[in-house]
Structures are given as structure tokens and as C-alpha cells.
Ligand SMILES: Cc1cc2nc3c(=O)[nH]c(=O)nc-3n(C[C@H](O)[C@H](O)[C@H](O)COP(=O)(O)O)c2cc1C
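Next up: a single chain in C-alpha cells, the form predicted alone.
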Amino acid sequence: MPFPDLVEDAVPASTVVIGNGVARTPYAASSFFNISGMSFGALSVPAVLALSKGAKKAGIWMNTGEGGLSPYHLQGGADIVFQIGTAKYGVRDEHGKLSDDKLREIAAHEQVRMFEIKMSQGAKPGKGGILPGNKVNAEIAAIRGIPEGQDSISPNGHPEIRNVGDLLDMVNHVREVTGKPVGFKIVLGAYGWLND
């Protein structure tokens, strides 16, 4: 049986322009439903493709998660938010530092609409992560910019960010290099410091 009252009360999908006036390439994004970060490698090829294709059909964006941009994110046709985690997967140099050249390469994909700096997540608050070497096959290594077959450590924070000013500097830097909107993801245990 249909639920006509629910249909009548449904809120139409809307968009919000992100980066207008500050990014060279603002993005008109869905303001209601989007797909949050889940990394390729944690998700399989069919899963990433299915999510990307679904996001394209729904007119919403898909976040890459911290594992870098795979060809499967792009193949599905979705708008992409590229997540920069603490290990800088996909945008790191040979020393694990943020690479402006790699940022530009990722930003050159028209589908990559925004960047997100991941400060923390609820699943592992205050902790980093380890990707065991036996999971780092040639494809994962190439996408993340790490050596094949070796353990990879994600620190529990960005070493270059130690305060709000550092965070804002990094947001501005990524936005200037890429020309695209940049935000950040954070899990807060206390919010009093925001008033300082």
C-alpha cells in the first residue's frame, strides 16, 4: 500500500554551492544525501563501482575515503570528494609528505569536485591505523603511492597540523593548489576550544 502522506511531505532534493567566492572552481552539491568515505581496498572493485554508479544516477557525490582515488571511483561517473587522510594516500611524495604535484594531478579530474582533510573519525578516535603489507598489492600500492608488500602506517594526526591556525593554513594551501573547495572531517569529544 502506498504512503501518500509521506510523498506529499517529502522535501525535494536541493543543492548548495560550496566554495563560491573562495575556490576557483566552486561545486553545486547535493545538500541531503551523499556517500561518505570508504576506501578502495577496504571496499572491493564491484562495491566502489556500484556506489559510484549509484551516486551518478542519484546526482550526489561520493567520498573516496583515505585510500586514494581508484579508477573505479571515476569509472562509475560520480562526482568525487577526495579525502586526504593522515598518510596522504594518493597525494604523497616518496617521504609521505603532501605533494602539490599529486594534488594537481588529482584535481585535474573534472569529476573530483572537492577535497576533504580527514582529521579523525569516530571508528578509531585518537588512533592511527596500519595497512598490513599482505594487503598492499600492486594496484593498492600504485593508487596510494606506497611500496608494494610493505606495512603502511597512518599516523593518528597530520604532523603539520597542531592547532586551528595550522588546519586553516592546510585548507587554504590545498584550495590554492587545486582550485577546488576544501573542507575537513573531525570527530569532537569536546568543543570548548572552538570558542577560543
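Each residue number is its position in the shown sequence, starting from 1. In this text, all values refer to a predicted model and were calculated from it rather than measured experimentally.
The next section is about a form of this same protein that is not shown, the form predicted in complex with the ligand.
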query	finding
Stretch in contact in the predicted bound form with the ligand, which is absent here, among 165-173, 62-70, 151-159, 135-143 (heavy atoms within 4.5 Å)	62-70
4.5 Å heavy atom contact, S30 and the ligand in the predicted bound form	no
The ligand contact in the predicted bound form: G129, any heavy atom under 4.5 Å	no
Partner contact for A58 in the predicted bound form: the ligand, 4.5 angstroms, heavy atom	no
Heavy atom of K118 within 4.5 Å of the ligand in the predicted bound form	yes
Heavy atom contacts to the ligand in the predicted bound form at 4.5 Å, residues of 38-58 in sequence order	M38, S39, A42, L43
